[in-house]
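Here you get one chain, nothing else, as structure tokens; it is the form predicted alone.
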Amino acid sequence: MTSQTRLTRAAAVIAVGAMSAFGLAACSAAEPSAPAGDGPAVTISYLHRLPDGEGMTPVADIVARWNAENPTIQVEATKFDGAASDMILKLETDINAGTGPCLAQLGYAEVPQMFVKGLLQDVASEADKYADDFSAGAFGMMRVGDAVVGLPQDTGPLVYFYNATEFENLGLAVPATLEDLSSESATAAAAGKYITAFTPDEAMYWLSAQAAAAGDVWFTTENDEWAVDAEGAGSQKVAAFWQGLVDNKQTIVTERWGDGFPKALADGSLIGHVGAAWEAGFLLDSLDGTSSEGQWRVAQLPDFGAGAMTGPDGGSGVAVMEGCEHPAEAMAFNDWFNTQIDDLASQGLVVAANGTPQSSEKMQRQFGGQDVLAALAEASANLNPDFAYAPGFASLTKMNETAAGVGAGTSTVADVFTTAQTTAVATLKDLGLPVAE
């Protein structure tokens, strides 16, 4: 039994009961309807935020193919053109009004809170039929306790990006372990280069994913109470690693989404980066047409102490909403849609389904001909299968606030994990959920 399955349904039920104090509907396990077969057609509504940009296979085209092949299960897909947080508010309003869609795309961190609010169905019996189509780590992100609320769509495993030409010039080896990453950082810094960047504005997902890569599991239950362990052995190892680099000025401290990161990339001082797989789609755009074009590669995340394991930094799945009258048919489409890997890869996704789409011409050009998506698929398969988020995980943006002081020395990296611990416990209690002390 994994740590994740120890998150019992009883805890989820307790959570729902607690949330009822806020006037929210209770959730319940779905009674899957029989597949439509030769019976009258059913209609499944699906709300998504996929980009549908130029050069991508439109969602409408993918759905049209399903509808042509499945006359008794017709799908109506709608694109939501707004922020993810706005879509969550809309879903909550519509579901409570009885007008919500049957399926909707959700970020993994949004799943547990939506479930305990009674907005998602437990479709575990249907989901289990399709589990083998996805990596265990990605499938696990759609679990809350022993409930499963849908199927994964895309993932954001941490990987390692590096400039192969610069590494060769400096005699650096691609780091295979955290110790390698530390020692090679020292060599690079001596030459005025950085093979990592500490990015405070990404601390919440980025550092929690590194703790997961080190084998930690932050959220479990004990005796039907939530337990939080954001300061475990893995977190401590990650904290010691980054604190060492910061103290010795062997990493650049800069916001990922500020001016410093792209500037360091462009001037060649930043030649390596621990980043999410989805960054491969745009990380090197600023180097197009420069002498650095084609020099970078993607490698697996160095071993953080748990072997070939990485952690989740982003990603989303498609969940079955409360009120969906045909969950079995919805899950049949859900599985089919999320296994159309070439179509979904064209949307810029690191697809959660097993299989490897072909890397685009752009990726091959920017990464020197490397089969980038094959490397990312390998990382996706190596996601920590036990690491999942808890209700209220979004409150851990306070980690970013603490991380902002690391460069100036007003806080430590260990303080960031302490913030995660205290904030997560306080948030669960604020939600009225039982927490093991």
Partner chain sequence: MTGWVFMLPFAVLFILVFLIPIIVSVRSSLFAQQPAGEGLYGGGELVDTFVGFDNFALAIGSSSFWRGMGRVVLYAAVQIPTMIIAALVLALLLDSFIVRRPAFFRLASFLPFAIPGIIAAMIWLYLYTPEVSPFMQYLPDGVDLMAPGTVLLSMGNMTTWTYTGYNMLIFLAALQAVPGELYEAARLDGANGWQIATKVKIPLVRGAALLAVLLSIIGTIQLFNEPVIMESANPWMGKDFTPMMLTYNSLLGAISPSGSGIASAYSLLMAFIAGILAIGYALLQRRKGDAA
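Positions refer to the first chain, counted from 1. Everything numeric here is computed off the predicted structure, so don't read it as measured data. So that the term is clear: the rigid core is the largest set of C-alpha atoms that superpose within 1.5 Å between two forms.
Although it is not shown, the form predicted together with the partner chain is what the next lines describe.
Although the partner chain is omitted here, in the predicted bound form all of Asp86, Glu225 and Lys398 have a heavy atom within 4.5 Å of it. A heavy atom within 4.5 Å of the partner chain in the predicted bound form is found for one listed residue only; from His326, Lys117, Lys193, Arg297, this is Lys117. With the partner omitted here, the residue from Gln347, Thr221, Ser182, Asn338 that has a non-hydrogen atom within 4.5 angstroms of the partner chain in the predicted bound form is Thr221.
Stretch-level contact check against the partner chain in the predicted bound form with heavy atoms at 4.5 Å: of 258-266, 72-80, 330-338, 353-361, the positive one is 258-266. Under a 4.5 angstroms non-hydrogen atom cutoff, the partner chain in the predicted bound form lacks Ala414 among its neighbouring residues. By the criterion of a heavy atom within 4.5 Å, Gly317 is excluded from the residues contacting the partner chain in the predicted bound form. At the 4.5 Å threshold, heavy atoms of Val144 reach the partner chain in the predicted bound form. Within 4.5 Å of any heavy atom of the partner chain in the predicted bound form lies no heavy atom of Gly311. Although the partner chain is not shown here, in the predicted bound form the stretch 406-431 places heavy atoms of Ala426, Thr427, Asp430, Leu431 within 4.5 Å of it, in sequence order.
Lys90 shows a C-alpha shift of 2 Å or greater between this form and the one not shown [criterion: core-superposed Cα displacement of 2 Å].
Fitting the two forms on the rigid core leaves the C-alpha of Glu184 displaced by under 2 angstroms between this form and the one not shown.
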